[in-house]
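What follows is a single chain, given as structure tokens, in the form predicted alone.
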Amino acid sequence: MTELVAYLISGIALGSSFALIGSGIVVVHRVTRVVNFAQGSVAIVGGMASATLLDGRLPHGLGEIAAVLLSGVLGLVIGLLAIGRRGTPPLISLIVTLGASMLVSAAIIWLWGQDPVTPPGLRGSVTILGAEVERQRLLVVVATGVAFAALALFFSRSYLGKGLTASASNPFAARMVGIDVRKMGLLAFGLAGILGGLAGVLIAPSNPLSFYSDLPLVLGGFAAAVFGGLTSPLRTLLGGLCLGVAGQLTAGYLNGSYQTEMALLLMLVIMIIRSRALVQEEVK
């Protein structure tokens, strides 16, 4: 029972990072119809940048915020590369994000090397139902909840959030009322960078990151986004949590090397289920 509780909480923490990365994919896809496969690399940059900034004697809080903002700038740069030229087809933009991911991975190796990096996080642990749980993992869960609440308020209450929603719902109508859909797309890339950076900053203290960590992160994030139909951040959160828990249970009771395969399998199952649901809706 103690092991199960520990695996569940660790899975929820890991799934929270998947959800943050996946929500960034959703935000970009809703506005631009582009799947941003550079999202995992942006998360890695956020985690590693926080390690460098904190090692440079920036205090906790300020160092993490600076790393998240840096990730947001990187997301914006990727957006300029992917959709900066008007009329770029979504497929070409998707390929550009893949190329950007490779460039970012090369920059990570150049700046931080190939060894895993772990920034300092919250120390200590707490006991929950007999299981010792790191405070950092609890911070991941709480911060993710706050981030999704802030995201909901941003989309429902702010002018920019409503502009993003309008651009996603009906780009033509949005243009008719004076909304620059291209600028909204760039804003979406920047917001996705912030969400990815936040995921990296939160997960890095308990899960060391290196340049090759981007693949499992982007796969998990994309699987969560697919669960949300590439349209719903809330369902993406649910998908990320399910994926994280399933991965941790697989690692705990079977073999840790199967986590990526589990992500791919769940993503395939989710895509099959959702495609059948869409076909049934069209038939009706």
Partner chain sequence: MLRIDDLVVRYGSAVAVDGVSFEVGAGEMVALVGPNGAGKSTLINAISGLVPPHSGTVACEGRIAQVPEGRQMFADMSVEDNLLLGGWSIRNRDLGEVYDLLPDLAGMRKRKAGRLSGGQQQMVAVGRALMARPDLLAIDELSLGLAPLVVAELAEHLRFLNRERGTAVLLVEQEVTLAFDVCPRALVLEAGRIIAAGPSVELAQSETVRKAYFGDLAVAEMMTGPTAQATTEVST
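Computed from a predicted model, the values in this text were never measured in an experiment. Numbering follows the first chain given and starts at 1.
There is another form of the same protein, the form predicted in complex with the partner chain; it is not shown, and what comes next is about it.
- Heavy atoms of no residue among Leu122, Arg135 and Ala143 are located within 4.5 Å of the partner chain in the model of the complex.
- Contact annotation: of the candidates Ala131, Ile179, Leu94, Ala147, the single residue with a non-hydrogen atom within 4.5 angstroms of the partner chain in the model of the complex is Ile179.
- Annotated contact segment (heavy atom within 4.5 Å of the partner chain in the model of the complex): 170-178, selected among 71-79, 122-130, 84-92, 170-178.
- Although the partner is absent here, Met184 lies within 4.5 Å of the partner chain in the model of the complex, judged by heavy atoms.
- Although the partner is absent here, Ala166 sits close enough that one of its heavy atoms falls within 4.5 Å of the partner chain in the model of the complex.
- Residue contact with the partner chain in the model of the complex: Trp110 places no heavy atom within 4.5 Å of it.
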